[in-house]
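Same chain, two forms, each on its own as structure tokens: structure 1, then structure 2.
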Structure 1
Amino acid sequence: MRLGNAAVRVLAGLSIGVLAVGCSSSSTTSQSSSASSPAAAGDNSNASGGTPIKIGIEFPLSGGDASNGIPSDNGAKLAIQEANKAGVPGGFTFVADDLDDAVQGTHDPAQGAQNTKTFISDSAVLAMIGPFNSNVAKAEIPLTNDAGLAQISPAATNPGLTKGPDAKKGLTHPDVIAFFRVCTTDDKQGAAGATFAKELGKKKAFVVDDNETYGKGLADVFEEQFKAGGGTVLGHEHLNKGQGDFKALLTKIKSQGPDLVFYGGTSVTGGALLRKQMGDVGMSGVTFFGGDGISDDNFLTTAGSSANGSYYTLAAPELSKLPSAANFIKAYAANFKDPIGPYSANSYTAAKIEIAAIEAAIKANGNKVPDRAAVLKNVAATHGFASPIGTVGFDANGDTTAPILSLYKIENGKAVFVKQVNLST
């Protein structure tokens, strides 16, 4: 689907407004077979006899990445079931249409693009949540831009998705923003990571990344900022896809005498095994530091006891420190067996924003199903939106206006909150 010239002109001249949505506790929507579901099944039919309004949800729901994907999927579903219980204007019912972007256990850009095409081809899908990973987002953004389908990611952090010379490349409508995110970006995450490393007293770092969009971008920023802060970067290596034995690389790293190994990437693409094998070459005492790609349970289970002492940053706030998250935490626990994930609340917030945008468009359309252009216009106009992760909105690039970053340390097999910083500028 392509936007007509009139729609492009409307979207290019967006005005700023405030969206709101009612919040209540649980009923249910359709559930993915790979994700946990609430105890009761909901009615997905439209109360007024029309086609249900779908929200596409796209995360890795199988393999190692599922430890992040499923809790994020649950967060979006919780928002949808709450909206249905509260009542949707026009008597409509929201339906969660979730798809898995993992192939052979790992997030896959080609699969993400195919899932996005599936959403676009279904006229009932008025908005999309996801993906989790930046390289998947990079493959999807041109598609949702071409279709005028509002897309909000809770966790894709690579800055080049929205900013810089490459952000507009390949877009059919470069003046239209269709991709948004409620997480902060890696230019800020990498810089904060370098600052945290300096605060830990680290002076000599060796940098490793998984050579993916997210991992390499984060590692490059960390390296630049660590050097700018007076630290020494002894080397920077890139992992090969599917690599599982890192002992030769770690032996090389050990010979350089680092007091920190910084890893840019996910636990599945090498982070967990890299940390585990550090002990095999006598590097257990060297601090391991990463970004939010190692914030999942897969890092803890795969690295085992070797994970202890590791640090990571998260491009989201610590929910236990936010009064605004209390109701979300209770509702999530009441509906899902999976524990809350690092980006569950972000995903819930993304869904709430899209729900608010759709409901506002329904009302403006005489309680009839709106078009995607109206929904996208409302999403882009979001500001001052109250959510579990605080008051959020989107800037002119589609990035959050409330970037918060948190630092954690693994102790006794669990992530322990250290501190968080507000990175608003």
Structure 2
Amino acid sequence: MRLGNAAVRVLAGLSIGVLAVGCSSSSTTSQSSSASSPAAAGDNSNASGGTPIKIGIEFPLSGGDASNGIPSDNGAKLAIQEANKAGVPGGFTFVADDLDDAVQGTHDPAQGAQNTKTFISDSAVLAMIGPFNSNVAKAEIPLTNDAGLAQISPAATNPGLTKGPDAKKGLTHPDVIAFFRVCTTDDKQGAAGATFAKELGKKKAFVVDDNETYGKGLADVFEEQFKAGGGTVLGHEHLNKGQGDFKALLTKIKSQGPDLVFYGGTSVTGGALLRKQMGDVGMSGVTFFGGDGISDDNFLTTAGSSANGSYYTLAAPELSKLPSAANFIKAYAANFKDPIGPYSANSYTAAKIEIAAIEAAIKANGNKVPDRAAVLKNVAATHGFASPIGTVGFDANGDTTAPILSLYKIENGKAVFVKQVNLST
């Protein structure tokens, strides 16, 4: 009796569900057809003037990661302000639509994917800037690829995002590149790190990473390249999230006698404490080497005097050494009170490229709102674009054709610029 009743209800529920799915497929099509409506909106707005064209910006803007996200967000906004001031063809106005991908203070791939979908579903968004972090980008790339929305990241450096067997895996349009970046990738960063380690005369390295997309990716490349260059990698360990005591790990590392510890990851995920505790276990003489993840103040304050003698690479140029960046640095300081970040100029450049692409598309479309495909085509064709970080363009994978790396050494509690490498192809 009971069971019979249950079965009836289950069937009823299922049929409702199936009906519902049936309805939905029709509404899906109606929705996608509505995507073309902004062109129409653009038409009648010519008279009223100032129709917004949105550029979606997506960075971690709250919590601990905000110190990365906000200076980058500002860079993009500065470019948009300047474009509006200079006047947009067709009388349009650019609007920066910025969303936060940090959840509880940390960049979050699911939140990033969510934000990207919000951009995609808003037909006024013609291009996107962000994200900051590689694992977030990994979640977003299939989405912008499917939607044909141009996306430029200023700072996601993991090489696998654009290169290698996994990059195209499962994309809806494997032949289309919608994700671009103006930063140097970690294969170059890791390789440059390996070369530099060799120049320092290091032969036996121990590799540690924080078990996150960025850190592990960088550490893997370093390991490969250091070995390829004739060095020995004694071991490769991954840290636990939230761990604070690395003495046992360092004892293990010390017993193998490395002359270099390479760390892939950020200061907060263990880099700073690892360096600090090297001093405690009598390893302060061993060189500590990392990527741009330890380029922040947190590394200096937490590791204290132990930080001295560490080296790191930055996947961006040292702005103070670039004449082309002087105006940008001035304009940034005039507009924002947050200090400029290592990737502010990259983000500014990303926005400049997208703005140029959209403006060209507007002109080509008879001063009407262009579609995303036209914008994407223009972004992909970018080459020889003059920017604060030099002359940039994109290669066949969507990566910058002008990768620049800077090397720094920490001396007396301060990062000192060592040299800059231009790996332009």
Partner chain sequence: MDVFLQQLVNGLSLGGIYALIALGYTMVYGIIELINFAHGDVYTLGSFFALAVLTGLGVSGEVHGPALIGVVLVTVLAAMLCCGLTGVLIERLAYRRLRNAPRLAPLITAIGMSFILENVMQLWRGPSPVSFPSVIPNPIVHLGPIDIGAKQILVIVTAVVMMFALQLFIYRTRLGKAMRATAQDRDAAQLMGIDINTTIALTFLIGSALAGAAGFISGVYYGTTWFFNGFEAGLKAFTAAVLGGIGNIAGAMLGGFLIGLIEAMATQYIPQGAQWTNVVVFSVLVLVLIFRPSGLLGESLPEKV
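Residue indices: 1-based, along structure 1. Treat the numbers as computed from the prediction; the structure is a model and nothing was measured. Under this definition, the rigid core comprises the largest set of C-alpha atoms superposing within 1.5 Å between the forms.
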Two forms of the same chain here; which is the form predicted in complex with the partner chain? 2
Assign each C-alpha to whichever of the two rigid parts fits it better between the two structures, then report whether Lys414 and Gly285 share a part. yes
What is the rotation of the smaller rigid part with respect to the larger, given in whole degrees, between the two structures? 13
To one decimal place, what C-alpha displacement in Å is found for Gly235 between the two structures with the rigid core superposed? 2.6
Thr251: CA movement between the two structures [superposed on rigid core, Å]: 4.3
